[in-house]
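Below, in structure tokens: the form predicted alone, a single chain.
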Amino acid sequence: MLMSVDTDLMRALGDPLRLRIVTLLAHETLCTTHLVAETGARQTNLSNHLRVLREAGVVETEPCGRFTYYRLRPEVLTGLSEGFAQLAGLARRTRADDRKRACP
């Protein structure tokens, strides 16, 4: 159920810049330099956002010489989407059954 979803993951994806980074990484593995160019964010700001995504388990890193490449971990997003799908299914059943708690 969604209640067991890691709140760090929800917070990590709730920021517009981090969501933009995740969207970019869904298309291809990118290094920090690419992400700076694509987002227009400062490198230090971007690095902080990437750290949050890494700590939440959304991205993984691959060192390549002087650069670090970032890759999206789709299984993390799949887990989140499954939690939302379960919640949506419960809401559909609640609506179909017209379940409501009586007021005291």
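Heads up: residue numbers just count along the shown sequence, starting at 1. This structure is a prediction, so every number in the text was calculated from the model and none was measured.
Absent from the display: the form predicted together with another copy of the chain. The rest refers to it.
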Could you confirm whether Thr78 comes within 4.5 Å of another copy of the chain in the model of the complex, counting heavy atoms only? yes
Using a 4.5 angstroms cut-off on non-hydrogen atoms, would Val52 count as touching another copy of the chain in the model of the complex? no
Using heavy atoms and a 4.5 Å limit, would one call Thr29 a contact residue for another copy of the chain in the model of the complex? yes
Can any non-hydrogen atom of Thr33 be found within 4.5 angstroms of another copy of the chain in the model of the complex? yes
Heavy atom within 4.5 Å of another copy of the chain in the model of the complex - qualifying residues of 12 to 26: Leu13, Gly14, Asp15, Pro16, Leu19, Val22, Thr23, Leu25, Ala26
